[in-house]
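Consider the single chain below, provided in structure tokens and representing the form predicted on its own.
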């Protein structure tokens, strides 16, 4: 049996999946990045290796904000941005999907597809309102386990209107509503609806949101957010089974396609990389006014990759 590895390295979470030739998930690992992407990628690969000992790994792909770093560690056959990876995964799970709503730990994005091709997208990496980290913070402040946050919203009787245009205003308004004596269930539901309004008015502004609509990313676990999207859009919103690792699934699918297209075998370095010593160092190039920050990736004392310079001066090892 052949398998393909996908790695999605984000600022909050790092996801590693293994899929088979048909794109079915063999195993998946969802980990907190915690500012240590190299260590966490190795940890994810170690966990996947335990389930894939009898599988021939025929390809590997990376995506996410740390995709270049991950590609050096694993030996990636393809390195793709998050938009492409999420769109490919959504199209695989829901053929004919036309809209992808994706909300992660620290950013959110919308992807518009027509006939399987991405024709438009938008990202919000500035405002925290509506992201996983903001919801985590509010759950902690209310002393509610984040796993119960969405289900609590479903128990609302009269959702409270919360100002959701910004994280600071949303939190202040929630505190005010608590002080007025509103039920927690109504406040939580009102917050979900406010964050959906914020998403649609900012990330989704001017976008033609058509069904089928797929909701993915860590926040898709929140049933309150799913219902709020359905209420606002008047459409059914689909949450895939593997909603929290869709980027990694997309990277694995793209890796499989690239290896088959190239026909020269995989660049995957094997699971032994989990025991190698990697280190990232940076320096400021003073060769011109750009003052580029150049990143060195060092393995067992040797520099194996560089990036960050605009002119390419340092990329040639």
Partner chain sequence: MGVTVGVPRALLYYLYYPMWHTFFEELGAGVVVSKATNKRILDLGVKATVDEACLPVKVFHGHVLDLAEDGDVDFIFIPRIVSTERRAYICPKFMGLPDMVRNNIRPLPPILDTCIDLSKGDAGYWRAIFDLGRQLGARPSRVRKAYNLAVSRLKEFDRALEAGRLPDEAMHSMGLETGIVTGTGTRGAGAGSPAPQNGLPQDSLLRGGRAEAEAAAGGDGDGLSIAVLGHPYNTYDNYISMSIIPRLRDMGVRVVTAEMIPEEITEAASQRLRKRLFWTLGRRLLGAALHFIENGGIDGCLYVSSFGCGPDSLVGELIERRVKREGAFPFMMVTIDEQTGEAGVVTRLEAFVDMIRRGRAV
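So that the term is clear: the rigid core is the largest set of C-alpha atoms that superpose within 1.5 Å between two forms. Residue numbers count along the first chain shown, from 1. Bear in mind the structure is a predicted one, so any value in this text is a computation, not a measurement.
Beyond the structure shown, there is the form predicted in complex with the partner chain, which is absent from this document and is the topic of what follows.
Considering the partner chain in the model of the complex, the lone stretch of 53 to 61, 286 to 294, 269 to 277, 31 to 39 in range is 286 to 294 [heavy atom distance within 4.5 Å].
Each of 123, 207 and 254 is positioned with at least one heavy atom within 4.5 Å of the partner chain in the model of the complex.
Out of the listed residues 74, 189, 88, 245, 88 is the one that sits within 4.5 Å of the partner chain in the model of the complex by at least one heavy atom. This chain is displayed alone, yet in the model of the complex one of 81, 172, 178, 106 has a heavy atom within 4.5 Å of the partner chain; that residue is 81. Within this chain, residue 158 is remote from the site of the partner chain in the model of the complex, having no heavy atom within 4.5 Å. Within this chain, residue 2 is remote from the site of the partner chain in the model of the complex, having no heavy atom within 4.5 Å. Taking the partner from the other structure, the partner chain in the model of the complex has a heavy atom within 4.5 Å of a heavy atom of residue 118. Core-superposed comparison between this form and the one not shown: the CA of residue 20 stays below a 2 Å shift.
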